[in-house]
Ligand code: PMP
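Just the one chain here, laid out as structure tokens, in the form predicted alone.
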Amino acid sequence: MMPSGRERSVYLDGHATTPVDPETLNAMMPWWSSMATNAHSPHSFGQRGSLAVEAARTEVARLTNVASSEIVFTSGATEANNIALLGVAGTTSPGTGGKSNIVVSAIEHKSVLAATEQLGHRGWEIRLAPVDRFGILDLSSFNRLVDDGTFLVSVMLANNEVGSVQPIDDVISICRDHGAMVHTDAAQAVGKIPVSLSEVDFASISSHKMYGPVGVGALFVSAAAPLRPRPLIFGGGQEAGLRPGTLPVPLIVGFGTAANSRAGFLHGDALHVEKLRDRFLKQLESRQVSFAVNGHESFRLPGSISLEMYDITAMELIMRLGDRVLVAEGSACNSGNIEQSHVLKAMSISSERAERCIRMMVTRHLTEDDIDYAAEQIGLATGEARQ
């Protein structure tokens, strides 16, 4: 990746966001100008926009193996998470039907944890399910936490810091035994690994985690779900009344294009980024960079890397690398905060060790030359830190 007129940059922060694919960008461009329209207008341009929105809805549904009527467009996964949790819990009161607790994993995205914190203030008992040292849900503990009083469970499909992929089928089985509804934050997983959402009740999806534009996502609401979320905002009744507001046609078109593209490239891209990941780690070792890999070696997203650096803190490494290699410390949503990553803490990684942890995601656009350059620059930076 060589930006024109600038120093070379290799982007390795794919957990935070992925670059927009050129074909997706090209599909969006006309809808900003010559085809600009409000999809809810009755004239021919509006009808054209409405058809484009429905085509995109079909592509997102196809990628996740659900019906297009079950896809609700949102501004992103954060909003989808909030609608799923606050909206579903808003349909009833704690204790109704004997349901009084909500179970979430300890490594959920902040938008899930913050939403459930609000539900705790409203009388719901919030139970945090622990993970093991690899960032995988502890099923034994989870099984004990979920009982006949559990109203809703939220367990992410893949983690946004260490890439750990959760045993969602086991989660669903346990929840069904107790009559609990299931929500999964699938933002990191959809578009990177094969995903079928047909067995959960609710799921959150993000466009910009799968090479689509920022500012659009979706909430899957199963037609078989016992309850439908209540809207959090009110207006013109768009998206079946669950998420009112004028639909951003260009963004939705981009989202649909990205979904269609991902469906055809999942396998090939996974092989590509895994090959680059392995090459990158070997290159670091050959340059005497001392590190340990966080997370599970097998049950993780392709191309995901979380490292504990032994000779340099994460922030010092980021500062030394500058624009040459772009990596992240902990979660991007906590950027600027000094507090320890809640994900690493849940994995029993001390605050001292967490300060040396960086997260990376190899994206589909990178080449072997990019990876070699990134390893070289990290090797130089850690070597300077040792001096």
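Since the structure is predicted, the reported quantities are computational estimates derived from the model, not experimental observations. Residues carry their position along the shown sequence, with the first being 1.
Omitted here: the form predicted together with the named molecule. The next part is about that form.
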| item | value |
| --- | --- |
| Answer range among 105 to 113, 136 to 144, 305 to 313, 122 to 130 for contact with the named molecule, defined in the predicted bound form as heavy atoms within 4.5 Å | 105 to 113 |
| Contact residue in the predicted bound form, from T257, S154, S206, N294 (heavy atom within 4.5 Å of the named molecule) | S206 |
| The single option of V253, V273, I71, A187 touching the named molecule in the predicted bound form, heavy atom within 4.5 Å | A187 |
| Partner contact for G76 in the predicted bound form: the named molecule, 4.5 angstroms, heavy atom | yes |
| 4.5 Å heavy atom contact, Q166 and the named molecule in the predicted bound form | no |
| Sequence-ordered residues of 351 to 365 touching the named molecule in the predicted bound form, heavy atom within 4.5 Å | none |
